[in-house]
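One chain comes next, on its own, written out as structure tokens in the form predicted alone.
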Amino acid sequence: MTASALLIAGSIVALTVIASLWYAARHRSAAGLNLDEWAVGGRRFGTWIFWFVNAGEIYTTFALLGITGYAWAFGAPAYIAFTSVSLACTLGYWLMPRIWHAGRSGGLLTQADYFVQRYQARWLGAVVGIAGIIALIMYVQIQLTALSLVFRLTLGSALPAAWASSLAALLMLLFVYLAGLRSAAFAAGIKDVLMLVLVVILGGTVAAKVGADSMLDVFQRVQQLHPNIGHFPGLDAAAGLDTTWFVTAALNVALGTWIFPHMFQLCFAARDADTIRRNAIWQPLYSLSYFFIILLGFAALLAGTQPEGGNLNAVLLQFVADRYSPWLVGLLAGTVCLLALVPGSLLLLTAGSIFTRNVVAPLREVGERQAVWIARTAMIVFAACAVLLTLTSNESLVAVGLAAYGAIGMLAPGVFFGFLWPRTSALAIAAGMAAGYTALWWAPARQLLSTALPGWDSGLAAMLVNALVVAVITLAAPRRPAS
């Protein structure tokens, strides 16, 4: 990368971080930095700030780098981006206000708090908290992978992968360490604007860069070059990404989106339920940007782009570096840094909050300021775990994301049954989780489930097992007398 591109990328990140920290300090509550302010922004997020921080969690490097690479490598399976976002927002219109109400009425700070209050079992809160932390660490891996790619693009491929991942984790920790959710929310607004500007510029110019007459011509030419690209199973039939996978994976993502612990905390941060509903109504419009993102993946395929080592996560970065001016390469690098930095910071913040509130606090009394420091210390450990995952995996960002959705989906029955079925007990939820994780991660059980439900996304199949176990135990248990 040229010096001008590096300067632009560095300026974008530095100015955004400075502005975000200033905003957080200016709007901090009079009580100062306590766990409530740090973790859920004082529960005062209005329509616009909630919009941007929510979009910041949906539209991340998973969207820009992951879906572009998926379109380049597989074709039609990348369409999952359109479907899952719309389904998630439809479900969110019903679910998110209920989460908000539970959080406001019970003074909840974390997702595990909900399980403690709903099922009257602190031990279940600890179990759910640990499960949530594991899923969050898996999701942080996506953001660290993207940041590492940008660092290697900007600083040179000679930079060792371990150094790139560690530098990415350090930047993420420094950002969230100082101000918490409010700074991430402000940065999310800047990041979203930059992403839309970038996608529009690239989408509007990409045809000329690959010798096509228009955006539609890009689709036509790539279809002629690869006749299977526009329908399932796409370019690689052996990958198993057929229509059954598409439907079940999209459902699993939709069901799991609001189950991630950081999305619970985001719901708690909203000023009122109407803010959440308005967001759910209009948020699917953002999914239209996926048209351009998939277009870029197809254009990279048409251009013969070959990222180093065939790494499909680096397709867009390589394509832009090969075909565009340095200033646009710098804009892309800076935007990708923010796309990773904002959600990654929030993921670590949430994991630290859960550890303090639901793992440490039940064992010993913790004051407000001490809780913040324990959470900050725990974040360092969780970031280190995410770095190790990043260094030992070379999967696509989409594959890592779907694995994280599969893991967090094991908490979904506890959430949905909690709101819909008063009879459900802590024991039933814990048994369902045990069965679900066994079906998801134990190889013989996973193989049996894949035989019974061929082509299904493994996460949704395991969630079904989980829900069935919860339902059977709940129905078999004697009814509790009405109070």
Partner chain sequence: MSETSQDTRTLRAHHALMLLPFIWHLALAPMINDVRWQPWGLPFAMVWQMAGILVTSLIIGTVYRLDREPRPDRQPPNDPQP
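Positions refer to the first chain, counted from 1. All values reported here derive from a predicted model rather than from experimental measurement.
Keep in mind that the form predicted together with its partner chain is missing from the display, and what follows is about it.
Participant: Within 4.5 Å of its partner chain in the predicted complex, counting heavy atoms only, one of 318-326, 362-370, 83-91, 189-197 shows up; tell me which.
Facilitator: One stretch meets the cut-off, namely 83-91.
Participant: How about Trp258: is it within 4.5 Å of its partner chain in the predicted complex, going by heavy atoms?
Facilitator: Heavy-atom contact with its partner chain at 4.5 Å: absent for Trp258.
Participant: Is there any non-hydrogen atom of Arg278 lying within 4.5 Å of its partner chain in the predicted complex?
Facilitator: Close contact exists here: in the predicted complex, Arg278 approaches its partner chain to within 4.5 Å, heavy atoms only.
Participant: Using a 4.5 Å heavy atom cut-off, state whether Gly203 contacts its partner chain in the predicted complex.
Facilitator: Answer no; every heavy atom of Gly203 is more than 4.5 Å from its partner chain in the predicted complex.
Participant: Closest heavy atom of Gln306 to its partner chain in the predicted complex, within 4.5 Å or not?
Facilitator: Close contact is absent here: in the predicted complex, Gln306 is far from its partner chain, nothing within 4.5 Å, heavy atoms only.
Participant: Tell me, out of Arg271, Arg98, Lys209, Arg376, which residue has a non-hydrogen atom within 4.5 angstroms of its partner chain in the predicted complex.
Facilitator: The residue in contact is Arg98.
Participant: Considering its partner chain in the predicted complex, which of Leu225, Val381, Leu174, Leu216 comes within 4.5 Å of it through any heavy atom?
Facilitator: So the residue touching its partner chain in the predicted complex, by this definition, is Leu216.
Participant: Identify whether its partner chain in the predicted complex is within 4.5 Å of every residue in the set Ala102, Ser105 and Arg118, based on non-hydrogen atoms.
Facilitator: All three within 4.5 Å in the predicted complex.
Participant: Just to make sure I understand: among 224-249, which residues lie within 4.5 Å of its partner chain in the predicted complex, judging by heavy atoms?
Facilitator: Residues within 4.5 Å: Gly230, His231, Phe232, Thr243, Phe246, Val247.
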